[in-house]
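The chain below stands alone and is given as structure tokens, in the form predicted on its own.
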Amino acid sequence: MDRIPIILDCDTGVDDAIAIMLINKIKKFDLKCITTVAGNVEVEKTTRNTLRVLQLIDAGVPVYKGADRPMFRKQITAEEVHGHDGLGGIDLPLSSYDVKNLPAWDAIYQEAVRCDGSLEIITIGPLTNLGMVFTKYCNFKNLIKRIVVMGGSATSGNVTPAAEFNIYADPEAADIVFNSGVPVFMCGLDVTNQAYYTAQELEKLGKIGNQPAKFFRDVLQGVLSYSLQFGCPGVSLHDPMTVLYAADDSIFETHHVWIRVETKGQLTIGKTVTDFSSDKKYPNNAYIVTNLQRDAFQEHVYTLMSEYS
């Protein structure tokens, strides 16, 4: 089986860490590198967290540090959800791995050139690094097979009534990506909020017994408490779900639609505007994921985490 060359672009906080652990065990993926970006916390912390998670799972994947702020706006973070360190206060050991000496956007472009049209990118943080590479390299759009995005929503937001965090954090970069001509698959809140774990389900997964599974359970406890305050049934695994969608879309529902990002409205900045539920007046440029089979999703997660010793 030919493995799919992948870059994971992330702002490693709580659920990004789990996404890294899962992608490491997906056999159909050839993970070329991980690129980091400011988002859940500052880029120095997201990079450090990435290296520490890789140390935990003994995965020597190259890591490139990316943008430390949005393309045109002031930085926002989500420390109230992910904790001041980005990992909910879970103290992973220092990593022996080093960050590569190349900006993330240049690393992404160089890998795209090497892969010659077969590279896929999974991005689970603000889209600043991709906005940078599309802006810097005019032929980049011809070198990418597809981009799978955790972000956005056709219905509601989680940082404002209109906007999801990853898109809101850098709406200009997000609009560059959606308007790039590359096939973009949006795993937004419409579907990622369905990919939740209850406290009891987290305990079951933690009882797999290996260290990554215990970390999986423990790192989500703070976000679980935060989510329950708002009436959620559990903690949503936004980023891990996006990785699993990229690996196998058979348990998901996907629609071909038009999507752009609002960058100027005072009350709607960061909103992913789509014709999913309205008249089709614009050419389809993206795909939106709307539903999943939750039991099958959890089974896939359990199987992958069971592969750690």
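Numbers for residues come from their place in the sequence shown, where the first is 1. From a predicted model like this one, the values you see are computed outputs, not experimental measurements.
Keep in mind that the form predicted in complex with a small molecule is missing from the display, and what follows is about it.
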| item | value |
| --- | --- |
| Which of 136-144, 162-170, 91-99, 67-75 sits within 4.5 Å of the small molecule in the predicted complex, heavy atom basis | 162-170 |
| Touches the small molecule in the predicted complex: residue 115 (any heavy atom, 4.5 Å) | no |
| Contact label in the predicted complex: residue 189 to the small molecule, heavy atom within 4.5 Å | yes |
| Close approach of residue 124 to the small molecule in the predicted complex, 4.5 Å, heavy atom | yes |
| The small molecule contact in the predicted complex: residue 130, any heavy atom under 4.5 Å | no |
